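Here we start with a single chain on its own, the form predicted on its own, put down as structure tokens.
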Amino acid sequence: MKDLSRNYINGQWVDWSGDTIDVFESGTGEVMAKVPAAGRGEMEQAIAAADKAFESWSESTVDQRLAVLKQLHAGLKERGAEIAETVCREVGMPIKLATGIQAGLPAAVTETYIKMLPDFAFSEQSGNSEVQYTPVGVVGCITPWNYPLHQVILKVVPALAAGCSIVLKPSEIAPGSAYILAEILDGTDLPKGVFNLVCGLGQEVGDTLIKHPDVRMVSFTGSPRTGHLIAHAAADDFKRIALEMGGKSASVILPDADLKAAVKGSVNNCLLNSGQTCTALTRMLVPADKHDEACQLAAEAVAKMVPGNPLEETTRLGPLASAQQRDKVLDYIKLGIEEGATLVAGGVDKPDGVNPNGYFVSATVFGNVKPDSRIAQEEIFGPVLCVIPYQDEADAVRIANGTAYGLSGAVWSGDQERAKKVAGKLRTGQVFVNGGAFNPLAPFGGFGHSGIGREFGKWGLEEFLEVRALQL
């Protein structure tokens, strides 16, 4: 068991002797680490350190910021295997995928900002005005457990590039990779106090972070319920907010699409990270006359997703991240059956051949799902696919847009221009057209209850900047 009983405040590791929080290994249910259940005092110390450090870091040069980002990138690459294993054990993503995604993506995103920063215009001329882009101030970062380092990097790297100082509260469910990040940053030329990490429960350290007057922006990724609370709290002193929240994304398969390829692509996306992905294509919309065939193809696809030990290279579907999440997903599967959906594959029974104490759920497919049913409207965050029949293209668009969310989506068609036209009707922040590849330079964020603001690329950097005009 690893002892992480410390916080990182003002450039120093501060030992913690108070209450701790157990971190469980998803595949076995065993305690693998302990982190602080820190309180308001520790968070206030971290905010004070960040506030003091902001004055000098906000005036740092682009070259100084680049130097730190390059050191960070080197550290992420060097410790990639350790990061992958840590996240694999905490979250349950199979090690082969965790190596490429949970460890590889943070390094790749950092590299995009290293390439972007030298050419970013922090000032520009507009008529007789010099328009300046200046760092927003102390940023409070609150991050989730499903992509624990990736979501941290999406906030910390552009915030540092913008000249902001940071206080991070990582998820207590999957905190290990955030500690690795802090260790890497501790070995860089980053001045003390610019980056701080405090681990604890939301009602203590999180509440302090979002309400403190010296925190000028809160960047949050997580549930709409918590995002709602943050938005209300931030309004009291007009903090900037960036909220990346849930999704209930639709994969619209048009009648002229290659049905087999579209179903396979939709299933693979839905089950990535055992469905613990906010952009997961959890609603598959198919023409009514192809519904049964699509369900059969989906059943065949999930049959290949046999749950197993996430540390084994051959595993394609791992456990969920916690007992609480497993139980939530199982309750939704029971609900789907109660709502009258057809159970095509999977179900509530524990998969065979896995550790009985691990948080495993079988890949599950429901057919004949009603668009307004709870399993079609609420984010399950597990390996559950809803197949929904539609009558025509207009009906498909109506169903796709018929939730409170709008984070991601997909359209499949034999005609690329037709697919693009339908994609342009979806009220969502990104749409994958015929399996288009994910682009880390494109803006990422949602409509509606999926969030406010954008991450990745120049849009992610601009979130951490205020605009000032000098009239000359």
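As the structure is a prediction and not an experimental result, all values here were calculated from the model. For every residue, the number given is its place in the sequence shown, counted from 1.
Beyond the structure shown, there is the form predicted in complex with a small molecule, which is absent from this document and is the topic of what follows.
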Heavy atoms within 4.5 Å of the small molecule in the model of the complex: which of the stretches 309-317, 200-208, 124-132, 85-93 has them?
-> 200-208
Close approach of F444 to the small molecule in the model of the complex, 4.5 Å, heavy atom | yes
Examine T282 and determine whether its closest non-hydrogen atom to the small molecule in the model of the complex is within 4.5 angstroms.
-> no
Examine T99 and determine whether its closest non-hydrogen atom to the small molecule in the model of the complex is within 4.5 angstroms.
-> no
Contact of N146 with the small molecule in the model of the complex (heavy atom, 4.5 Å) = yes
The listed residue (I142, L190, C386, L72) that reaches within 4.5 Å of the small molecule in the model of the complex by any heavy atom is I142
The small molecule isn't shown here, but in the model of the complex which of M217, A262, V365, M245 has a heavy atom within 4.5 Å of it?
-> M245
Would you say all of H291, S413 and F432 touch the small molecule in the model of the complex, counting a heavy atom within 4.5 Å as a touch?
-> no
